[in-house]
Structure formats: C-alpha cells, structure tokens
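Just the one chain here, the form predicted alone, laid out as structure tokens.
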Amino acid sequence: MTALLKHIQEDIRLNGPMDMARYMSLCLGHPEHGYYMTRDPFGVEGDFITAPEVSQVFGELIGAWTLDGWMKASAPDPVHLVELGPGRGTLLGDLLRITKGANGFHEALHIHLVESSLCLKNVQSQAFRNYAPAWHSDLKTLPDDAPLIVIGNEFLDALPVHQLVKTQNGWNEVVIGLSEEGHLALGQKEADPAIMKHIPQSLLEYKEGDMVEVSPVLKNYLNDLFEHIQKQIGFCLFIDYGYTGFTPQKTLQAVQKHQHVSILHDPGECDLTAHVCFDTVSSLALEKGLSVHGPISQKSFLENLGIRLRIEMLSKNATPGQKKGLEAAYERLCGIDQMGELFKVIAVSSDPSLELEGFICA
C-alpha cells in the first residue's frame, strides 16, 4: 500500500466518494506523496519519455522558433521567457544552447520556471546555474513589467479533469469510492450543475453512455495566463497530447515504467494525464481578444520548421549508429502512429500581425 493510497482511503471514508479531478490532483501534486513531488520521472529510467528527451533536434527547433518570434516582435528587451513544467530542463537547455550566438537575445532574457516539485527544482537549479532563473509555484508571482514568451510542452495534460457520463436521467460524474473490501473502486454520482456548465455545447447531441472530460482547472489556468499575455504583450506555445472538436472523449490514462496501467494502480507512483481539447484552448484565447495559430499536428509543425533538413545536416558527420538514431528520433517525433499526429501544437499571440513560424507551409 502506498502512503498516498492510505491518505485517499481515509479521505473517502470521511468525505464520501472523490471526483476524478481531486484524485488526479492528489496523485500528482500531494505535497508529500504526489508523483511529481517525489521523483524525476523522465527518460528511459523513469516512467515516460517526452519529445525533448527523444532528440536535441526538438529543443533546437523550438529554440529557433522562439528566437524568430522574439525578433519579429521587435526584439523586446527585457523579455520574460517562461517555461511551464520544465521537467529536468532538457527543452530549455537545448533552446538556450542553439540561441546562444543570437545578438542580444540572451542579454534580454529573464528566465522563469513554473514548477511545484522541489525534486525537479533541484535538477533545474543544476541545469541552469549559469542563468539565474526565478522559480514560481504558479502564475501569480510572474512579473508584469515586460513582454512574455511562454512555452508549455506536455504541461496542460497534467491538469486535473472531471469525467462526466450521459445517462437516461441526465449527467453523472465518475467518482472513486471504496469496495466492501476497502479497495478503490469506480462509481458514479449525479453531476454537480457547476461542473456540468463546462460540458461543450456543440452541435453534437450526446447519447447515453457518452463520456466527456472537462477541466475547470485548465480553463482557470489559461484564463490567468492569457490575461498576462494580453496586458504585457507577448506570445505562448503549447505542445501536448490532444484533439480538436468538442466530441465525447475518455482519455485519462496512467503510465508506470513506460506501460499503461489502471488509473487506480499505486496512487502517487504513476503518471496521470488526460488529452487536451485544443478547441477549448483556442476558444479561451479568442475570448480574450488574442490571436490563435493552429492547432496543427506536431508532425506538421516540426516539418514546417525544417526538422528533415536539421536531421540531414546532423547526419552528414554522424556515424552509422548515430544516423540510425537520428532517423529513429524523427520517426518517434513525426510518425503518424507515434507522436506526430497524437500531439498537437497551438500558439497564442497578443499581436494579430505577428506571423509565427511553423503554422503555415512555405
């Protein structure tokens, strides 16, 4: 029994069945026993591999994209470069390396890392010891005195979701209770009207058995972020598991040691994620009067940025083994049956005239 499992069981005994959003929040972010609070989960030795860990090319392209956006935005100095959930710092490290020679860019940067995990903060402090970054637990402490560039790679998918199911009598919410033996068990209860308000009102008529996942936390987070972008000017980029269209979805999943497991398995010892509805991201940005680029597939975005050319350049001086690795990395990042189509990319900007690369084919 994990320490968090015991805590969750006691919570359910005291307060009744727990909604999925609270369960997900505890599993990932409990201050003592949460998944991200107690480990570095990335890489082959961890539970999953993110795109920056697949190949340096990913971070290099994001770095070139960021530099190009900064230059097109008239090279503001100073500028706050913010990464949401930077993990072990691989993406930002590649970004900073590839842009090091750009005239004035590094001198203008004030780096901010939004990270709640002390474990990962320690890793990041070593990775960026020469850059004097500032850490933030949330968006509330971000400075408001200069333009923003914000990057979030596989960040939104970790924000808690509620699961709602259409029944003959209306909407129920999936909850977690206890079996007669005291084990965690899935159940349903009548949905709270406040949560039901987040169900997308699309042309689709929901039928019995349909499930939708909604995230008030994601909406609140993005509303706060977009207010920063709106007031301070700037742009942001999100890359994540996701889908477009307001359709029934059941995407919440748990991963441990690179294998899918039950979402009730070893609470606090598994990564929990849910795919992001990118139409929600787009709608929230447009409501703030911001400009939206995308969403498009990760494959299209990286290919528009020139990933093939970069792979070919690196391959020229590579050993046969390194060439094979580069091709494998390309396939992992852009393959339609791997990350290429499953991951989507969206950018949001305060300036409607700002042409951000990667979203329109040359």
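All residue numbers are counted from 1 along the displayed sequence. In this text the structure is predicted, and so the values were computed from the model without any measurement.
The same protein also exists as the form predicted together with S-adenosyl-L-homocysteine; that form is not shown, yet it is the one meant from here on.
- The putative spot formed by E83, G87 and L120 is fully lined by S-adenosyl-L-homocysteine in the predicted bound form; each residue has a non-hydrogen atom within 4.5 angstroms of it.
- Proximity of N304 to S-adenosyl-L-homocysteine in the predicted bound form: non-hydrogen atoms within 4.5 Å are absent; the residue sits far from the partner.
- For E213, no non-hydrogen atom is located within 4.5 Å of S-adenosyl-L-homocysteine in the predicted bound form, even though that partner is not displayed.
- Interface residue remark: D94 is not counted as part of the site for S-adenosyl-L-homocysteine in the predicted bound form, having no heavy atom within 4.5 Å.
- For Y36, a non-hydrogen atom is located within 4.5 Å of S-adenosyl-L-homocysteine in the predicted bound form, even though that partner is not displayed.
- Among V114, A127, L284, V292, the residue placing a heavy atom within 4.5 Å of S-adenosyl-L-homocysteine in the predicted bound form is V114.
- Scanning L184, A158, V174, A108 against S-adenosyl-L-homocysteine in the predicted bound form with a 4.5 Å heavy atom cut-off leaves one residue, A158.
- Per the 4.5 Å heavy atom criterion, S-adenosyl-L-homocysteine in the predicted bound form is contacted by stretch 150-158, the sole one of 276-284, 150-158, 259-267, 246-254.
- Along 228-250, no residue reaches a heavy atom to within 4.5 Å of S-adenosyl-L-homocysteine in the predicted bound form.
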